[in-house]
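Quick heads-up: it's one chain on its own, the form predicted alone, in C-alpha cells.
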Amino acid sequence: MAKLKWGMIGGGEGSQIGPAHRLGAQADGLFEFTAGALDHRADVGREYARRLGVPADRAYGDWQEMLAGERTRDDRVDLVTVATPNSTHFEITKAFLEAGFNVLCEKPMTMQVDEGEEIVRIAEATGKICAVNYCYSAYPMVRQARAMVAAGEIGKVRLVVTNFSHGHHGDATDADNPRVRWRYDPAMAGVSGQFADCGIHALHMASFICGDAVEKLSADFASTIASRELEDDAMVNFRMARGTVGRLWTSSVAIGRQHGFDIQVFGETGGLRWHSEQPNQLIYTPVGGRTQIIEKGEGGLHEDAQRMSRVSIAHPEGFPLAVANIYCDLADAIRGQVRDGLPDASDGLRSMAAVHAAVASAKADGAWVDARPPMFR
C-alpha cells in the first residue's frame, strides 16, 4: 500500500513535541514526510526540513507558504500536523481544513470556545478529519481499560480520580526561563496555565476511559509562585452525564513528581488503575477479589489493546509509540476505516469549554459551572 503524504507545521529543531510526531508518523511506514514549515524563522525552518529529507521545493518558510504551495499540487499532503504555539492553532487548523486537508492539531485545539465550535462545524462541512493529539489515550493499556469499562467488566462507574502533576516548574528562581514563563503568560497561554497545559489531558482521559462526557465542574486555582499570572496548581471536581463523580488534580510545582499522570476508575464491581510511568500495566481489582496486573502483550486482551501493542510482552512501549498509534488510526481514517477512540475536534472543543468553565469557577470561589460547550447543551 502506498504511503500517505504527511506535512508538519512547527515542531522544529529543539522542539519538545516535534521529534515524537516525526517518529510516530513514520514508525509504521504509513506516512512519508513530504512537506514542512518547521520554524517561525523561515531560513532556519527550510534548512532543518531539508536536513530531515523534505524536498527543497516543499521545505516552506511559513504555514501560509505551505498552504499556497500544497493546495495546488496533484500530490498534495494527505495530513497536516499543527505543532505550533497554542495561540496559532485555530487560524492554521481552520485554513487547512477549509482548503480540504486532514489535520492533526496539538492540544489545545483552540484558545476560545467559539473557535472550537467553528472548527467542529468546518470539519463536518468539509468532511475532513480534524484530530487532536490526546496521545495518552492511544497507549495499549488505556485502550484495554476503555474496552473493559465498555464491556461492563467493572460495572457502572461510580468514581474516577485522575491527576497530571509534576514538579518541573517548581523552582521560583527559574520562573523567568522563556521555556517556562510563556506557560503562565495570558498573552501566550490564554486564560489558563497548568489546567490548560496538562489538566485537560487528565480530563480527556477520564471521559475517554469512562465513555462519558463532563457536564459540570467546580475548580480551585492557585499561583504558588507569586510572579505567575496564571495558575500552576489546580483542583477540579466534576460530574459526568451518567452520574460519575470525578476528582482531578494538576500541578507543575509538585517537586519530586516526574511525569505524574495517572487515573483510577472505580465501578460497582471492580476498579482499574493506569500510570503513565508504568504504561505497560493496568491494575485491576474485582470486588471481593485479588488485585491483578494485566500486562501489555499478554493473551486475552481486548482487540484494541492487542492491535496497539507493537512489541512482545515485557518490552517497554513509550510515548512516541503512543503518538504512532494516533497516526495509525489517522491513516485508517483517511483510507475510510474510522477507528473508535481517535480524538477529534469535538474532544478538543469539550476540553476548551472545560478550561473556560474552570477559570470561571475558580474566580467564583469554586461555584459549579456548566462545562459543556454551548453547541452540545
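In this text, residue numbers run from 1 along the sequence as written. Owing to the predicted nature of the structure, the values given are computational and were not obtained by experimental measurement.
Keep in mind that the form predicted together with a further copy of the same chain is missing from the display, and what follows is about it.
- Within this chain, residue 215 is remote from the site of a further copy of the same chain in the predicted complex, having no heavy atom within 4.5 Å.
- Heavy atoms of residue 139 reach within 4.5 Å of a further copy of the same chain in the predicted complex, making it an interface residue.
- None of the heavy atoms of residue 303 is located within 4.5 Å of a further copy of the same chain in the predicted complex.
- Remark: residue 276 counts among the residues lining a further copy of the same chain in the predicted complex, judged by a heavy atom distance of 4.5 Å or less.
- Only one segment in the set 117-125, 81-89, 202-210, 290-298 has residues whose heavy atoms sit within 4.5 Å of a further copy of the same chain in the predicted complex; it is 290-298.
- With the partner omitted here, the residue from 76, 239, 94, 107 that has a non-hydrogen atom within 4.5 angstroms of a further copy of the same chain in the predicted complex is 239.
- This chain is displayed alone, yet in the predicted complex one of 253, 180, 111, 230 has a heavy atom within 4.5 Å of a further copy of the same chain; that residue is 253.
- Contact annotation for 204-226: residues with any non-hydrogen atom within 4.5 angstroms of a further copy of the same chain in the predicted complex are 220, 221, 222, 224, 225, listed in sequence order.
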